[in-house]
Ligand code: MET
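The chain that follows stands alone, in the form predicted on its own, written as structure tokens.
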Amino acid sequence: MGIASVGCSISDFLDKSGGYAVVDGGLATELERHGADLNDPLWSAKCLISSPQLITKVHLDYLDAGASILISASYQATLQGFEAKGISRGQGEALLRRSVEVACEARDIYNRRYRECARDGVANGGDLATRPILVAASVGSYGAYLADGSEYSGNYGESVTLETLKDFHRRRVQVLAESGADLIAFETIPNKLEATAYAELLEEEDINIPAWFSFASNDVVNVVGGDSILDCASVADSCDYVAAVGINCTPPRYIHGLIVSIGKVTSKPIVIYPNSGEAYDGLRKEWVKSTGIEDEDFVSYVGKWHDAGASLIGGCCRTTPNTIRAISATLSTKSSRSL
């Protein structure tokens, strides 16, 4: 594909999508709503083994709600994590590929459904039927593998170096890059060190699909590990293999300020998909209702986020298909008014 094509592909996708795209919403909480027990170090990746049909169901729910980017169920799927569960390296690689296959299959089912509607003369879905849809292969941080909540603190300890992180992620990134995904989503990045590891890996492996880097933050100045969001976004901006930069799993009230900061150091598209505003307790492994907000309140921010410079917008933990449906409607209405 080449670096030039990697760099422009998300921009091309946005051009074909009317200048914006809707990212899907929370996966794990939706899987739980459908009956999955995710009390496991593999978290949502457990369903790749036990119930992939539930993942398909959630992907389809988000497509029906208006999402045009599906994120695979590989956030907590690591070769090291699979091996700790007695799963061989080869089987683990197959499960990584399967996470992308499930998302691609959901996209195929969705597209086929609407082709059949069009053939039968049934008006159902309008523009949703013909919009381009991308599949993003999720890569969670090293802290996600630890399953101790450290992706929300960035505190990995002094023994975890740049080379440690590159060695940990390398084979997983290689497999996902060849899995059929349209892009790689490096998610919930907690510190500059891990962002640098990802950037160097992309360059060393000459990964031929685009990537986005999305950081996690608890304020408008720094990522959760304490590094400046300006410094972290600059790492992403300087890497030719990174096609978009942004924020995920962060309370909505901080997003506008973070978009403004990111826009100061990069002209690449900005992706944002906040959580519901609740806080995750890594020790108790549960979400704590604190500043959580309803779907309607979450969506009230969307127009401001788009005006501030975000062009890829969705939801993270504890958001639902209803959230994504409202985001899609808001952006569609806003786009129509600007014509």
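No experiment lies behind these values; they were computed from the predicted model shown. Note that residue numbering follows the sequence shown and begins at 1.
The next section is about a form of this same protein that is not shown, the form predicted in complex with ligand MET.
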Inset, instruction - Would you check whether ligand MET, in the model of the complex, lies within 4.5 angstroms of a non-hydrogen atom from each of S9, L183 and V245? - result: no
Legend entry - F168 within 4.5 Å of ligand MET in the model of the complex, heavy atoms: no
Inset, instruction - Using the partner position in the model of the complex, report whether Y198 sits within 4.5 Å of ligand MET, counting heavy atoms only. - result: no
Inset, instruction - Consider A36 of the chain shown here, and say whether it contacts ligand MET in the model of the complex, taking contact as heavy atoms within 4.5 Å. - result: no
Legend entry - Proximity of G26 to ligand MET in the model of the complex, heavy atoms at 4.5 Å: yes
Inset, instruction - Name the residue from Y145, Y110, F82, Y152 that puts a heavy atom within 4.5 Å of ligand MET in the model of the complex. - result: Y152
Legend entry - Contact residue in the model of the complex, from I255, L96, V235, I71 (heavy atom within 4.5 Å of ligand MET): I71
Legend entry - Stretch from 170 to 178, 155 to 163, 186 to 194, 235 to 243 whose residues place a heavy atom within 4.5 Å of ligand MET in the model of the complex: 186 to 194
Inset, instruction - May I ask you to list the residues of 29 to 47 that have any heavy atom within 4.5 angstroms of ligand MET in the model of the complex, in sequence order? - result: W43
